[in-house]
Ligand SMILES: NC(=O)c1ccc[n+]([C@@H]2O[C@H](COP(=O)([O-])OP(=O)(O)OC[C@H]3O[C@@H](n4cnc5c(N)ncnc54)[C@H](OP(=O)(O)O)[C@@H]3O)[C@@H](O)[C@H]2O)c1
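A single chain comes next, written as structure tokens; it is the form predicted alone.
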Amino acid sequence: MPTQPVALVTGGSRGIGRGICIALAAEGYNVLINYNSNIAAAEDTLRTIEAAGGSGDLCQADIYHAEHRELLLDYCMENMGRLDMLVNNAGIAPPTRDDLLDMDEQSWDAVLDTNLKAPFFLTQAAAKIMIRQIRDKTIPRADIVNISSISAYAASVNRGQYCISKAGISMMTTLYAARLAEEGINVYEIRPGVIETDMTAGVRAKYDKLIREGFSPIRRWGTPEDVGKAVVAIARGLLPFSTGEIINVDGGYHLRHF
């Protein structure tokens, strides 16, 4: 059994996922970078990790599909030898921003299946692996981290399916935290705010203005590195008596302030 802890990060090739992978590798984790289609970005993330002295591997899988989720976990156990942390980060935005009265079922299904159904059942399968390892004493503990969004509670009526998927992630975190605590597995939700990634590049001017006007008390864009640091705090075991906790990485947006 390898002695180095292993973290599986879905959607780890770019954006927030890339920041998390790099941060965990710097913390000493062997990181399995899951990606769907952008192999160039995944390879670049791995090169960055290895250049800094870290270790990792790549696995292509579209977690939308049940057979791909199974493949991903099989690859992790066969090639990495263990699983200490799962980070459910992969997700999609709606293909178009449509008013609630115009949203179609195809868009709803695509977003909810990718952003909520897929991580729910990936967590179910990963938790069973983690439980076996803990009972066999091959790992001391395990953590599951769900990346949600301020959209879990902040309504955007032109992307309602995305908001509902992230609100579902919050309840998913609560459910798994309650179920898995007795098994030695803590579950956390990290709730990013406006983070500087390629997903937000198209609304740069809008949020530049909002941030200048006090959108969040900390008046700057968040970065993938900010989210990565929050995951590292969990990876270090600094929150051992907390589970189901929401960690806001949003510049204070969640505060009700004037």
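Residue positions are given as counts along the sequence shown, with the first one as 1. Values in this document were obtained by computation on a predicted structure and should not be read as measured data.
A second form of this protein, the form predicted together with the ligand, is not displayed here; the remarks below concern that form.
- 147 is the sole member of 147, 130, 187, 86 with a non-hydrogen atom within 4.5 Å of the ligand in the predicted complex.
- Note on the partner interface in the predicted complex: the residue among 92, 175, 164, 181 having a heavy atom within 4.5 angstroms of the ligand is 92.
- For the chain shown alone, residue 193 is a contact residue for the ligand in the predicted complex, at least one non-hydrogen atom being within 4.5 angstroms.
- Using a 4.5 angstroms threshold between heavy atoms, residue 123 stays clear of the ligand in the predicted complex.
- For the chain shown alone, residue 27 is not a contact residue for the ligand in the predicted complex, no non-hydrogen atom being within 4.5 angstroms.
- Proximity of residue 49 to the ligand in the predicted complex falls outside the 4.5 Å heavy atom cutoff.
- Of the candidate stretches 211-219, 229-237, 32-40, 50-58, only 32-40 has residues whose heavy atoms lie within 4.5 Å of the ligand in the predicted complex.
- Proximity to the ligand in the predicted complex holds for none of 142, 243 and 248, with the criterion being a heavy atom within 4.5 Å.
- Contacts of stretch 6-44 with the ligand in the predicted complex, defined by any heavy atom lying within 4.5 Å, are made by 11, 12, 13, 14, 15, 16, 17, 34, 35, 36, 37, 38, listed in sequence order.
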